[in-house]
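Quick setup: the structure tokens below cover two forms of a single protein chain, split into structure 1 and structure 2.
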Structure 1
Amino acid sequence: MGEILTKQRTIWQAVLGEIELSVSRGNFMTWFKNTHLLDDGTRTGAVVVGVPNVFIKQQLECKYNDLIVATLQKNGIDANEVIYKIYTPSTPREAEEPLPPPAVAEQTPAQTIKPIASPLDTPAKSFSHAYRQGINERYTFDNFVVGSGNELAFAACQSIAASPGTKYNPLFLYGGVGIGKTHLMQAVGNAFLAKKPGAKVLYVTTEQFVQEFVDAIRFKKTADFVAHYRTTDVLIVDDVQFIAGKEKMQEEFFHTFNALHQANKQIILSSDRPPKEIPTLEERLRSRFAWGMSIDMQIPDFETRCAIIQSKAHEHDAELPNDVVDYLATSVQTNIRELEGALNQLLAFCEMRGLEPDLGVATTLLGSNKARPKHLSAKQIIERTARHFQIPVEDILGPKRDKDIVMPRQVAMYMLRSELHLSFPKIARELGRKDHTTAIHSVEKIEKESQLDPSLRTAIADIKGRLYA
């Protein structure tokens, strides 16, 4: 029995690893993180997934069932039918009782979508900081792989952990998705807490900060909000670029920043771009973000990717041949999360079938994860985007402002930025626009909406897949 449970846990971890790469972190943490595989369908023909409460059950049934079925099938489970069953191991007798929606449950993380309204909600208990996520203990300096693209950031973070608030304040880390910014920032928090267990270390995303500020105003708890954020010893804010354009948020963050900095408390920020390139960010914040030290974290090089794979494999008590390590490091070049997801998929597949993770298995299973071609051009991206949305290229390049044309045009601008890293003026020229602020607005809009809209995220993934096929 124990062997069956272990196998089911391994399969479900592999499934969750893939799903985490295809949905936003907020949606994953809210709807998927606390689920379990109760039955893989071997005996009954129906896969049973355990969920914490009725709200998550409804969301998975209505919105994510197709994704779960497809991911199960990729991992060797023929899921003709998936049943979602309310399952709370610690309190089985209460399992059938409806629980509060995720946005007000104590363990719900920061990155949630808009909570489902409940008649049980009252202003007195709604603002209880339910969005707070805290430091993840898994993120430490010891399990962070250092390479040429992140060694400066690693050294700065170690220095800060040893003596927060005295140098590099604020520390501003910027770079692409999945290159280790969150890991390093939280490693600082964990190291400081290990040295001073009673210290107040707060990790938040900008979305969380915004949500709590809105709740504070709504439920007349602004004093509570201010006291919480301005009395911390180390404040870590992820994805600070999303504060741009929100005037009230920027004003509150400005005062919080000033209060902490004046008290020599450490501030650590991350973004996908340097402060000077964050559009619609107030100048007073832009200058403060640049006060301390700004570090550009680069995509890990081949040797670093190999070291990451070997380190993660070791955590799973697995040994990979060198040719498999090389293959994985070559197949996934830009995103550490995708790299870890590919490794998890390979290990789970081999464990389920009793195979050794050799090069043949890896190429068969992960053959679609090919290295991106170097010859990709702006013209190819625009043509592929137009083809996906079934509109002429001339419409994307033309002056029309119809809704069914504007959105594909914005997606094309976003793709030119994310895939070719073109400057905003260059993007504007490629799309026949005179003003590059249009490109800035379009990229920002698609970045934000793709986190909330699964159909848009799927469209972008499909365009990328066909470009790199």
Structure 2
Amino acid sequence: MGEILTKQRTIWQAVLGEIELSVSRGNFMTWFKNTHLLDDGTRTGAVVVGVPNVFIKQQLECKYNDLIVATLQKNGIDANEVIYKIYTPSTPREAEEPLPPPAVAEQTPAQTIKPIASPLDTPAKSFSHAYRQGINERYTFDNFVVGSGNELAFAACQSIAASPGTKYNPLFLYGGVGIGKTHLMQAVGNAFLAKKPGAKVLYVTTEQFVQEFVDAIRFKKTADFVAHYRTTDVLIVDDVQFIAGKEKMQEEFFHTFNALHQANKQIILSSDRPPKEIPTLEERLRSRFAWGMSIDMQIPDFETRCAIIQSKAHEHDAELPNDVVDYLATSVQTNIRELEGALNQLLAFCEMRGLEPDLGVATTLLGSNKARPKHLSAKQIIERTARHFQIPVEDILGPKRDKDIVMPRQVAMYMLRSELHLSFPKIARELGRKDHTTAIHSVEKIEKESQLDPSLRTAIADIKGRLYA
């Protein structure tokens, strides 16, 4: 039981990691954050996803079901249908332990849901939560790998956590997506709370901040809003570029900023660009943002990326051979979140299939994640496959049924599917076949066999390598 649950957790982590890349951060946090895979369907045939409330259930059913099904499939779970169940682990910690059977924890929507709660209600609901709101224990200084690109930001954050509000106020971190801004800011929150458990540390995304402000006005609770934000010891606001163009919000933010700054409370901000490049940011706010220290974060270099992969693999109790680590660090060069996504996908895939994560599996599984040249055509794939197996293209396209020809033909079909995502009828046509069920059968066969047969995997990796070289 425990093992299955660990497996489900790993898979769901991989699925969430991928989904995170395809939806906005705000949407991800709102709809996916507290979801769990309760049943992967292997025994019961039904894939069950636990969700915290009925709104999220509806949203996932109506809007994200296709994305979830597709991402589950990519991670080895065939989910024709996903059932969304209301599920709340009694404490967040318990979610880390083996989960109780879903039936026990299931609740009726009426029990779990209040009418759409204004985010302002949150502090009243849980006292202790109000004082560490939005801080995720997962992000610490300990599990942040320091290297080129992030060392200055790391040092500044550590020094802030040691004595917030005294220097670098505000701290403004900027840089591309997925390079560790959120992680570092959250780590400040965790470190400071560890030192001073009673402190009030608040993390919000700018989208959330704006939404809460809008709600506060609508529900005539602006005084609460102001009190909530102006009484923090450390205020962390993520992705402030989203405040661009929102004049009223900038005004409110300006006042909050001043109040906190005057009281020597720490403010930490992040953005995908420096303050001076945020369009329609009021001048006075722009100058406030630049008051303290602005740090440009860059994607870590190859060695640091390797260290990050090793550390993340370690968190999953997995050992990766060096060539796999090198391969991952080389194939994902711009974004640590993507790097993590690739790693999670690899680990989940291997766990599902009982394989060791070696270079063959990694290239087969992740090879197509690489930026694919737009000009790649079906013809090129077929030619490349024929050349690899040293047979004439006419044989692949022709009627012969010799084993030496059938197998390469099947590989060609598989490649058309995995690299160009062609439909089965289209694959059949490209290969001069009338019946598209042959294409389905061939693709499935190669998918299965490549799991078992390392030489087939190498062949596929080799063909891909040359196609994308």
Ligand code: ADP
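Here, residue number means position along structure 1's sequence, counting from 1. Because the structure is predicted, anything quoted here is derived from the model rather than measured. Think of the rigid core as the biggest set of C-alphas that the two forms share within 1.5 Å after superposition.
| Correct structure when looking for the form predicted on its own | Answer is structure 1, the other one does not fit.
| request: Superpose on the rigid core, then tell me if the C-alpha of residue 330 is displaced by 2 angstroms or more between structures 1 and 2. | output: No, its C-alpha moves less than 2 Å.
| By the 2 angstroms cut-off, has the C-alpha of residue 321 moved between structures 1 and 2 once the rigid core is superposed? | False for residue 321: its C-alpha shift is below 2 Å.
| Core superposition between structures 1 and 2, C-alpha change of residue 197 at least 2 Å | No, the C-alpha moves less than 2 Å.
| said: Core superposed first, then measure: what is the displacement of the CA of residue 37 between structures 1 and 2, in Å? | reply: Shift of residue 37 at C-alpha, rigid core superposed: 3.9 Å.
| query | Cα shift of residue 459 between structures 1 and 2 after core superposition, in Å? | reply | A shift of 31.4 Å at the C-alpha.
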